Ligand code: BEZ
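Okay, so here's just one chain, in C-alpha cells, the form predicted on its own.
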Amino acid sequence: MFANKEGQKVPSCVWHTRQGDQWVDVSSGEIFNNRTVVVFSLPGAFTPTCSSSHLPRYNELAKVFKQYGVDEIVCVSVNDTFVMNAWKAQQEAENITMIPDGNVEFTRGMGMAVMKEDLGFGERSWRYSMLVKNGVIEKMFIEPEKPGDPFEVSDADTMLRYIAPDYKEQPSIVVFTKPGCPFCAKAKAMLNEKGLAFEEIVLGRDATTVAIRAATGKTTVPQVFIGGEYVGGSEDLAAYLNK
C-alpha cells in the first residue's frame, strides 16, 4: 500500500544531471525550497502512456500552472540523465524540468518504488503527482494499486483542477506554419498576446504540404484550427479573436 505523504517534507537528495557537456549536481533543496512546484513521476521515459499523455499535457498546461503560482513543473523518473534529456528533446517538452532519479533515491524516499521485473524494468517509480510548497507536500494524487500501469488521477488536468478550480479549459489550438513566414509569425504573436497556448506544426519538419492540403484544401500558411474548428489564415484568426 503506497502511503500518502501530505504534510511531510520531500526527501533530501542530489541528482546527477548532464547539462550541455557538463555534469551538474542538482539538490532537492534547489528545486523545492521557497518555491511552489508540481511534480509528476512515472515508470519510464519513452514508454507509451508517459509519452502520449502524461508528459505532453503537463508541458501543454505549463503556462496555465504558472499563472496560478507554480514556479516549476518537474518530471521524475528512474532513468539516467542521458535518457531523460533525449526524451525531453524528442517530446519538445521545453516547459518541464527532467529529474533523472537513476539511483532511485528520491523515489524510495517517497515510498513509491515498485519492482517491474515482469517487464524487464527492474525497480521503477509508481505513477503519482504532487504539489509541493517550500519543500512540504500539500497534495498527492497516487494512482490506484491495480495490475498494469493505471493512469487515472496523476494527470495534469486533475492537478490543475485542485490548484485552480475556477479555471476554464481553453480549446486546443493547432497552427500550421513554415520557417520564415511573416504571416505565421503574426498569427503566433496574436495567440501569445491573448495568452493562448498552441501547438505549432512546422511544414517540412513535422508535416508536409499533403497534410495541410488534406485538412484545409489549401497549401498556404498559416492555417489555424481551434477546438476542432477550422479558422483559416492570419486575417481569419484576427477576426476570430476579435469576436
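Quick note: we count residues from 1 along the sequence shown, nothing fancier. Keep in mind that this is a model prediction, so the values were computed, not measured.
This next part talks about the form predicted in complex with this ligand, which is not shown.
> Is residue 48 close enough to touch this ligand in the predicted complex, meaning at least one heavy atom pair within 4.5 Å?
Replying inline: Yes.
> So, in the predicted complex, is residue 119 in contact with this ligand at a 4.5 angstroms heavy atom limit?
Replying inline: Residue-level check for residue 119: yes, a contact with this ligand.
>> So, residue 149 and this ligand: in the predicted complex, are they within 4.5 Å at any heavy atom pair?
In response: Yes - in the predicted complex, heavy atoms of residue 149 and this ligand come within 4.5 Å of each other.
>> I'd like to check something about residue 56: if you look in the predicted complex, is any of its heavy atoms closer than or equal to 4.5 Å to a heavy atom of this ligand?
In response: It does not: once this ligand is placed as it appears in the predicted complex, residue 56 has no heavy atom within 4.5 Å of it.
> Just one stretch in 56 to 64, 27 to 35, 40 to 48, 177 to 185 has heavy atoms within 4.5 Å of this ligand in the predicted complex, so which one is it?
Replying inline: Flagged stretch: 40 to 48.
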